[in-house]
Structure formats: structure tokens, C-alpha cells
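Taking the form predicted on its own, here's one chain by itself in C-alpha cells.
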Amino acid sequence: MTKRSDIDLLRGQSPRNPSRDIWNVAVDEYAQGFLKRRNLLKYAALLGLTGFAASQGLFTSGAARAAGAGGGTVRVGLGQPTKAIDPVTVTDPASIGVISQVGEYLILDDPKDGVQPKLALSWEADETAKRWTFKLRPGVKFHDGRAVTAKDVVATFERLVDPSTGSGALSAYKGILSKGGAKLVDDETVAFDLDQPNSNFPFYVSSDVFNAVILPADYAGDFEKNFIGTGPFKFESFRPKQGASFVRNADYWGDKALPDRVEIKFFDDEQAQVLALQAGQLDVIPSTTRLELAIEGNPNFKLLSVQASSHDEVHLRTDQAPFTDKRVRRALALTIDREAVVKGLLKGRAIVGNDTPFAPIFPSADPSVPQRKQDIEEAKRLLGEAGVPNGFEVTLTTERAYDIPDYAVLIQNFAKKAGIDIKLNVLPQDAYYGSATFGSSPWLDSNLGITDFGHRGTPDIFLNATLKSSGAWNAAHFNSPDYDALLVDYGKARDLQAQRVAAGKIQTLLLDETPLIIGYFSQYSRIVSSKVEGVRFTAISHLLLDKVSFV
């Protein structure tokens, strides 16, 4: 329980600026138990109160120095990177895990402690939330000894919004930040002039956009040559298709890493990873349901999990029959037993979704919007109204990855109860995504499909990229001026209550239109040897090993 005096301090000492009333509303919700500490941190960050929050100890990370012995080598198993490792173009979990040993962001979105200042020391928005100004942490150096300046930060983001670089972040920044939007103010200050107001912009320069690692201004795309960064470990060796190793960075700006080294080995097969873990050759590996069964009940291993906004999105082409009629779309959504999927397929390691990107972990989600549940009779009634009382045939196209093929079979069986005959077309991942552009990608072109989406700290990227009329990931081909207008209102909302009002309108519209089915939000897990403590990770594959010790 938070002490009353602590709450009074947080409320009473807040700065005398227009954000004070908004901050006090958030503090009240925190005091009443409606807002978790990490979300209070989020609002301190988004309101530009980072300096004040830090003065009250709010930004002190809960990731304490481990009690075990320091030194030693942390041995990690990862899958194979899908292409050359480069922060600008990275998309795969293995590469993100490697990069997170050496690379850092302006802000870390920590799954436990929320927004944490890293290379940015503080930030604030103007009254429109269209211009954001960031003060950089002084004294930070790249691994080659050069100082990090605002010039490097500006160049990093100009690179990420430039289509010619092959940036993996283009879809995240589309409609938010364009070339020329990042501006140098002085050596330790950067301003961002946005395409439109966005009260959640700090998350766009955080670890939630995993490409946004700060690189030198003269970076030439040769990351695998020296793995340049500012992080707690620095490059030792790299062997394509085999692995990489890193050593403690003695010149790191923050607390020095506890382990001497990190050794990463790439695997083609997940079963080989768990065998190496069981043989004592590895300390940390990614987790899947199949691997969890292999170590279940074994005291030599532990499963670490964080709740995420990760989800497997079912898109319904709103511009192609039979899904041009929203009653048909709603009917299919009503056939799915979400609770059964969570308990059975996902072994309880997920929370039920409500066909919008607003995961319950997002404080802006409106909890008063009714939860959609399986209702076969209502599904049949809607199909009758839509002129297909006997159902219809349709092909569901998806990727052979994770639990998705099994989820597709469940959807197929649920749909049969309402007379909907689904044929499955399960493709290898590379074939499913194709060129990832409209017209040459089964992901973006299929009538009905399932796509996995990784965790984000706010719903903004999902809302913009997958549902906005011009969204780069809009596989449903959803085109709604009403939705686009509500999205602008949501972006302008500065306080929690205003965000919830805007979110509630979006959630209600999406339940009515049903361009997507989002049945659950998954946890993200790692399997770890019981001999190590202090392993931290994010739900989008960052692996933070600087506080690891051995017991």
C-alpha cells in the first residue's frame, strides 16, 4: 500500500505548469489502485515530468543488483538471424537479442518498471503534443570512444524514416514522423516536429520501436563489423550462422555489467536449444509451448514470463466478399471461444482479447466496453440477415510459426458450428509475408488470414499500421473515415481520462465493424537455468543481461 504522505508529496510538489492537473488525476488513480506504478511512470514521461519523477525516486529501476556472484559468462541460445544483423533493418527476434547487448535507446520501456530514461535524460512536449524536445544524457560514449551528441540522434531517426535505407521502422513512423522532423537544437538537445499531435510519442523513440538504437551519425550499415553501440557490453567476436560474444564495457556510462562476458549461439532447431540447456551448455533460451513441456517440473530450470500486448491477429478483407458485410465479419468473430483458446492452446499464459488492439495492460483501454463472447445462435442469426443462412466457404491463409497453425485449426472448428467452411492454407513464414507490400504478399492480400504481432508499449502502432486507411499493415483493407478521425482524437488526448474516452469510441466502432479478430494477448517467456539470477527481457525480444549473476 502506498503511504498517504507519499501520495501527497507526488501530488503537492508537481510542477506549476499546465500538466499539473493531468498529473494529479494520474496520482489519484495510482492512490486508489486503478493505476500501476509502471503506468504512473508512463504518465510522468508523457507529460514531460521526467525530472520531477526522478527527483521523487520514481525512475529508480526495480531491477536491483543481483545477490549472486558476479563475473563469469552468460551463455545464450537463440534462433538463426534471418539476414545480416543491422539495427536499421532488423525484424527477427534473434537479431534483436544480439543487438540488445550493445545497443541502447533514448528510452527503455521496461516490462516491470515502465519508462526508463536511457540516452535521453528528460523530454517534454509543447501544448499541442506536436513538438517534443529531448535532453540527452551527458558523458555517454560509443564503444569506439566517440561522444554521443544530438547529431548522432538526429542522424539515427533521419535514417529510420528514409525509405531508401530499408528501415524496418517505416511502418511505425508513417504519419507520425517524416524526413526533416528530427532537428538538432544543440549538442545535447534534439527536437521532433511530428506530422500530427501524438501524446504517446516517447514510446516511438523507445525500445518499443526496436530499430531505434542510437548509432553514430556516420554509420554506414556495417554493423556486423564491430557492433557499435553505447551499451553495457561491447563486441568481442562474431561468426555468421554460429554466434557472437561480447565483453563487459568498462567505460559504460551507468552501472557496470556484472558478467564478464555474454556468449550467444545460434540454433537452426529449437529442440537442439533445449537439449543444450538440459546438458548445462546454455543458461538462457527462448520459450515455446513445446519447449516448456520439456522442462516442466524440472527444478533445474525456471520459466520467466511477462504479460504482453503480443497477439495473433485475424484479418477479414472488408473489401472482398463475403466480408464486405460487417454482419458476416461479426458472425465469424462470435463463433470463437476465447476462454477455451486461452486455457487450452495457450495453457493459461494469455489474457482474452476483445477484437481491438487495446490490450487490458494498456491503461488507456476502456474496461466498460462489453467483452465479446462465443454466441453461435447470434452468429447464425447474423448470417441469415446477411443472406448466407447456410454459411459459406472461405480460405484462411497463414504462417507456419509458433502456435498459429493450431489456432487456425481451432478457428476452423469453431466456425463449422455456424456453417462456415474454412479451408486452411498454411505457408512458410517467408512465403506468407512475401515482399510485405500490397499486391505481392499473402499476408496483406489474403481474404482471411492470421498474422503474429509482437508487443508494443502502447496500442498506437497497431492502431495506425493495421487499421488506419493508409496503414502499411492494413491487411483487412479497412477504410473508415470515422475511425481515422477517432484516431486523431486519441493522439491528441493528453490525460488518462481523455484517452479512455477516445479509446472507448474506437473500441466500440471496431466491435461493430470487426475488421479484425483479436482473441487473446500472449505472455512472453524465456527458459532459464536455475543457476542464474537477474535475467531480464522485454516482450519484443530484447535480452538484458547486465545484472545477471550466478548462484
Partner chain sequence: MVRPLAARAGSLLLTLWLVSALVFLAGQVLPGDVGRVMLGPFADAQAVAELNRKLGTDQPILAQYWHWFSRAISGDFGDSLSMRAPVAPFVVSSIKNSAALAGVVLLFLVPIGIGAGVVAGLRSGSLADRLIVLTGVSLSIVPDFVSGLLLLMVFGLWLAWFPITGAAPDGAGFWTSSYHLILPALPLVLNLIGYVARMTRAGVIEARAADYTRTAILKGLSPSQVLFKHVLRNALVPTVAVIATQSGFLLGGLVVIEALFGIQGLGNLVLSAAKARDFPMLEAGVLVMATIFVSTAAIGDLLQALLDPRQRRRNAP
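Numbering follows the first chain given and starts at 1. On a predicted model such as this, the values are computed, not experimentally measured, just so you know.
Although it is not shown, the form predicted in complex with the partner chain is what the next lines describe.
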Kindly indicate whether Glu393, Ser480 and Gln507 are, all three, within 4.5 angstroms of the partner chain in the model of the complex, using heavy atoms.
no
Proximity to the partner chain in the model of the complex (heavy atom, within 4.5 Å), stretch among 70-78, 435-443, 312-320, 409-417:
435-443
Can any non-hydrogen atom of Lys83 be found within 4.5 angstroms of the partner chain in the model of the complex?
yes
May I ask you to check whether Ser469 falls inside a 4.5 Å heavy atom distance of the partner chain in the model of the complex?
no
With the partner left out of view, is Pro405 within 4.5 angstroms of the partner chain in the model of the complex by any non-hydrogen atom?
no
Is there a heavy atom of Leu304 no more than 4.5 Å from a heavy atom of the partner chain in the model of the complex?
no
The partner chain in the model of the complex has a heavy atom of only one listed residue within 4.5 Å, and of Pro163, Gly139, Gly145, Pro299 that residue is Pro163
Answer with one of Ile376, Leu291, Val342, Leu170: the residue that has a non-hydrogen atom within 4.5 Å of the partner chain in the model of the complex.
Leu170
Quick one: which residues from 253-279 get a non-hydrogen atom within 4.5 Å of the partner chain in the model of the complex?
Lys265, Phe267, Asp268, Asp269, Gln271, Ala272, Leu275, Ala276, Gln278, Ala279
